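Okay, here we've got a single chain as structure tokens, the form predicted on its own, with questions on binding and movement later.
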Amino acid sequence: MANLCIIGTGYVGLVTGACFAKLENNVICVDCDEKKIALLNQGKLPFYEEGLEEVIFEAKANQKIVFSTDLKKAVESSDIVFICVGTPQRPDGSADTSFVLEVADKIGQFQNGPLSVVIKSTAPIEAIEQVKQTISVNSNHPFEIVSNPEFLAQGTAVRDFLKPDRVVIGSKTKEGAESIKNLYTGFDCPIIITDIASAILTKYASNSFLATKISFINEVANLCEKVGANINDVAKGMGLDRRIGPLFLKAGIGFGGSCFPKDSKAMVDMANGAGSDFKILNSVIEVNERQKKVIIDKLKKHLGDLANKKVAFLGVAFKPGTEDTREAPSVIIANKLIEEGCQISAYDPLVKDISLLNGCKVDLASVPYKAIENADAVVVITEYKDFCDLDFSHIKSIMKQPLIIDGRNILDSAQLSKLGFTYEGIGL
């Protein structure tokens, strides 16, 4: 059992804190956002993540987790401090580590004894030395700097934390690594102890490789459409090869979210800074940006001029199981369609707050049929299985034109064709 301070209550910080509390550690989750901390103290989550509410409720009942804005008190009463603040993308693609360094400055001011400082935030290699120097300026106490990257997927983050594929710990010293390794005692997975640079690159390389698989299969899908092949069959055949595997071979409209786009661009920036031309990853990013335009091309193919047309989106979040719309294809595609003069309506089972759409002028409906009413086309954006169970006979009766663009290839094209829909998927 350890006394832990978790700085930052976003997806990574809150899941990390809650799960460590479930493992019987004493956890203080700290954030400068007073409204967010007030919500958490009322038993409410600032965002949706499957299973997280139950874990936090249990931890609070067992008095293993508290939420506070008092960083000084939290640092002073902890043996290990996890930095879990954001590292947003700068316009040039590099990671903005200003929040990490701001926190490091405070840690140095408040440290009152030996401390392990763990970087959970996805930050480039050079940021670790900057954190060390920043803490040193204000502290005379010994401390360890450790990298412990997170591998949490939104929608499955709690499960990913408690039952991970691996735990990666990067440290310059054996003592620093062991202090963090002890937190994962009993985990049934490999625990990799390495240097800090290798730990950081493991995180960046993992996300970049998954992004590469997605862009690759989307390029194959575009080729399938030109030569008359079926991407679903091609991907199935590829995925049965044990060296390739079936995951992340789902053709669609590209990846989004807070990790893949940001981490891919940050890795390119790191490579450029090191004098390495990461040609493959540059192409992955280019393909992903281009893939979002496929929907617009398909709509123009069937509707011609898009001015004054109504397009209904099924799904807004970048993936099922989350309300996150950061770098979501929906927002990018909607903005481009609005520039063409389209009206956009949308339904998402989790996204209910229009502010999550970053100012994009989309009409959010409370039920799917309301979004689809009088639409010239329906576009499937997020692969919610529930969309397959909608009443498509009713949908056809309330649309202006029976056109469906399936950006995730989840609907039954044969059934829709029988009902009289014009159906287009990706790579079919």
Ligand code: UGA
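From 1 onward, residues are counted along the sequence shown. Computed from a predicted model, the values in this text were never measured in an experiment.
The same protein also exists as the form predicted in complex with the ligand; that form is not shown, yet it is the one meant from here on.
K.L.:
Answer yes if any heavy atom of Gly176 is within 4.5 Å of a heavy atom of the ligand in the model of the complex; otherwise answer no.
P.N.:
No, Gly176 sits far enough from the ligand in the model of the complex that none of its heavy atoms falls within 4.5 Å.
K.L.:
Is Glu150 a contact residue for the ligand in the model of the complex, using a 4.5 Å heavy atom cut-off?
P.N.:
Result yes; Glu150 sits at the interface with the ligand in the model of the complex.
K.L.:
Should Glu50 be counted as a contact of the ligand in the model of the complex, where contact means heavy atoms within 4.5 Å?
P.N.:
Looking in the model of the complex, residue contacts with the ligand do not include Glu50, since no heavy atom lies within 4.5 Å.
K.L.:
Do Lys250 and the ligand share at least one heavy atom pair within 4.5 Å in the model of the complex?
P.N.:
Result yes; Lys250 sits at the interface with the ligand in the model of the complex.
K.L.:
Looking at Ser345, Asn207, Thr87, Thr134 here, can you tell me which has any non-hydrogen atom within 4.5 angstroms of the ligand in the model of the complex?
P.N.:
By the 4.5 Å criterion, the partner-contacting residue is Asn207.
K.L.:
Pick from Phe110, Phe260, Phe143, Phe161: which residue has any heavy atom within 4.5 angstroms of the ligand in the model of the complex?
P.N.:
Checking each option against the ligand in the model of the complex, the one that comes within 4.5 Å is Phe260.
K.L.:
Which of these stretches, 226-234, 152-160, 79-87, 182-190, has heavy atoms within 4.5 Å of the ligand in the model of the complex?
P.N.:
It is 152-160 that comes within 4.5 Å of the partner.
K.L.:
Between 278-294 and the ligand in the model of the complex, list the residues on our side with a heavy atom within 4.5 Å.
P.N.:
Stretch hits: zero.
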